[in-house]
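The data below hold one chain only, encoded as structure tokens and taken in the form predicted on its own.
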């Protein structure tokens, strides 16, 4: 059971009108790994996360999460499955009318019966785990920098102690230093909380620094799912083109220098 897949996308076909995004796509996520999903624009990377979260449903296929078929689950089972997942959206998706502390408290208030004092204590603990400054938790999202928004969103995503953490472009819009700090934070949280993480990212530095495997989407399916050291040497033309540009080469070179 220890090696049983946390998530298994089985023969997923996704359509939007006449457009087919995925066709017989298969992808397995192992326990306690950090798996990134990459690919060109329109390949349906975030769509896979939305399907896992019950926000979209594929036209065909099935998704097994924690050993259960999510499309055969009852409404009560769906709620239990959702509580085992945390989601950090690309823009943060913080409630603009709530402070950071209130944002982190929100899922605890909605989905638990804990008393208010304990909810606030847990929220402060999660803010600290996400390296969000304690003296800034009463600020509103509009008062935060991009990096602080990411940390606040990450704190909210782990509020309910999920087993599976979903990250949509966790470093998008950040300068290299801030992006690197988020990568380091993700790695630290994964180890501290024994998380399985699925992330969608375009950040090649993140792919090298903070992943165990990378799934490359193209031609409506997963073309390869391998560690970066193997993926960048894959012979498929789409993968070669994706990792053959100067920026991707620079990231690979930087990684090799760091290891040396």
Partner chain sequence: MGTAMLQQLADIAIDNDTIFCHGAWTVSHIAWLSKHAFESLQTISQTDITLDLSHVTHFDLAGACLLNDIASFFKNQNSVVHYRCIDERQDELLSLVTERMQAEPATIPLPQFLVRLGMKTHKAWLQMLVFLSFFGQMVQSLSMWFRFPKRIRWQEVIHQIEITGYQAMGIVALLSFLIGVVLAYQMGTQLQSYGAGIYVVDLLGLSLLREFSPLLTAIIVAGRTGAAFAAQLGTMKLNEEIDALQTLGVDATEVLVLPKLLGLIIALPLLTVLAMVAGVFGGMLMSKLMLGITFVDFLDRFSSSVSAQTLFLGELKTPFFAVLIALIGCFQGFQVSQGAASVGSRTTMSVVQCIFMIITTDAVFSVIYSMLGI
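Numbering follows the first chain given and starts at 1. Predicted, not measured: the structure shown is a model, and the values here were computed from it.
A second form of this protein, the form predicted in complex with its partner chain, is not displayed here; the remarks below concern that form.
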*Are all three residues 80, 115 and 137 in contact with its partner chain in the predicted bound form, where contact means a non-hydrogen atom within 4.5 Å?*
yes
*What stretch, of 225-233, 190-198, 23-31, 211-219, brings heavy atoms to within 4.5 Å of its partner chain in the predicted bound form?*
190-198
*Any of the heavy atoms of residue 175 lying within 4.5 Å of its partner chain in the predicted bound form?*
no
*residue 182 within 4.5 Å of its partner chain in the predicted bound form, heavy atoms*: no
*Can any non-hydrogen atom of residue 68 be found within 4.5 angstroms of its partner chain in the predicted bound form?*
yes
*Give a yes/no on whether residue 75 approaches its partner chain to within 4.5 Å in the predicted bound form, heavy atoms considered.*
no
*If you check 93, 148, 87, 160 against its partner chain in the predicted bound form, which one has a heavy atom within 4.5 Å?*
160
*Determine the residues of 93-132 with a heavy atom within 4.5 Å of its partner chain in the predicted bound form and present them in sequence order; the list may be empty.*
96, 97, 101, 108, 112, 113, 114, 115, 117, 118, 120, 121, 122, 124, 125, 126, 127, 128, 129, 131, 132
